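Take a look at this one chain, the form predicted alone, written out in structure tokens.
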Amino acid sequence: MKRLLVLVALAVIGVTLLYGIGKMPPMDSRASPDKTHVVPRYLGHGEEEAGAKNIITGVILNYRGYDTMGEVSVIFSALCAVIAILDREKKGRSRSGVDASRVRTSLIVTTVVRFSLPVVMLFAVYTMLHGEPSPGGGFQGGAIVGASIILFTIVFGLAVSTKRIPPGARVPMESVNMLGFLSMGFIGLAFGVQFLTYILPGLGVAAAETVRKLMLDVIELGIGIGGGIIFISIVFSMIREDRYELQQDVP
């Protein structure tokens, strides 16, 4: 009976999807809604309505801002699930394969990573701050931050990385992406406009422009820093090996 119900449900879903596909306009049709309504609206009124000079940023943080905030929530939820299952690394007890290995990492590799890491981090901040007027943004900058610290961990080990970025410093920063979105959204509500509106009424031209850029930069930095730290915490939890667990496994 259960299998029959599952098959019927799948059949209904399949017919519904096929019906919807049949009603879609042909590929590259000039009559499709994205070409008749969406794209002209974005290009013609994007900066005026969304507040960002970069139309991609305007779409991500304004027109589909709720969707982006949902994506940030999903990333944070993934961290919560990983921590709930695997727990965080523990000071003086957790280590990675690099820490346990008897083979030392090449001096050339460690030197290159030491000198390149500050440059990569600077580029990550540049990417976050320039997401509003030019290509870039918080997600891209956060990915660079996470990748750079993960590379550092692969080379120097988990013990060194957690000493540089301990859990006590990471935990408050893991939620700044959500806090950035919510705080900037409530500022708009306080001015009597819609949630995640960056062009606030009642301000002069110069003040409105400054506030608009600051609000977008706060969200971009929040996404970048919070997202990067979340990636780092997830990887730290997944690669950790506790000493007492390894000792128990030895026959």
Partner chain sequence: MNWTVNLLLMLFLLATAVVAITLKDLLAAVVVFSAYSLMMAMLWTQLRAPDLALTEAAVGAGVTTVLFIIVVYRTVRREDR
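Residue numbers count along the first chain shown, from 1. Not measured: the values here are computed from a predicted model.
This protein has a second form, the form predicted in complex with its partner chain, left out of what is shown; the following refers to that one.
- Checking Val218, Ile56, Leu182, Val211 against its partner chain in the model of the complex, a heavy atom within 4.5 Å turns up for just one residue: Ile56.
- Taking a 4.5 Å heavy atom cutoff to its partner chain in the model of the complex, the contact residue among Pro118, Gly168, Pro135, Gly92 is Pro135.
- At a distance threshold of 4.5 angstroms between non-hydrogen atoms, Phe152 is out of contact with its partner chain in the model of the complex.
- Using a 4.5 Å cutoff between non-hydrogen atoms, Phe123 counts as a contact of its partner chain in the model of the complex.
- The shortest heavy atom separation between Ala143 and its partner chain in the model of the complex is within 4.5 Å.
- Interface residue remark: Gly97 is counted as part of the site for its partner chain in the model of the complex, having a heavy atom within 4.5 Å.
- Taking the partner from elsewhere, every residue among Ala147, Ile234 and Glu241 has a non-hydrogen atom within 4.5 angstroms of its partner chain in the model of the complex.
- This chain is displayed without its partner chain, yet in the model of the complex the stretch 127-135 from 106-114, 173-181, 127-135, 159-167 comes within 4.5 Å of it by heavy atoms.
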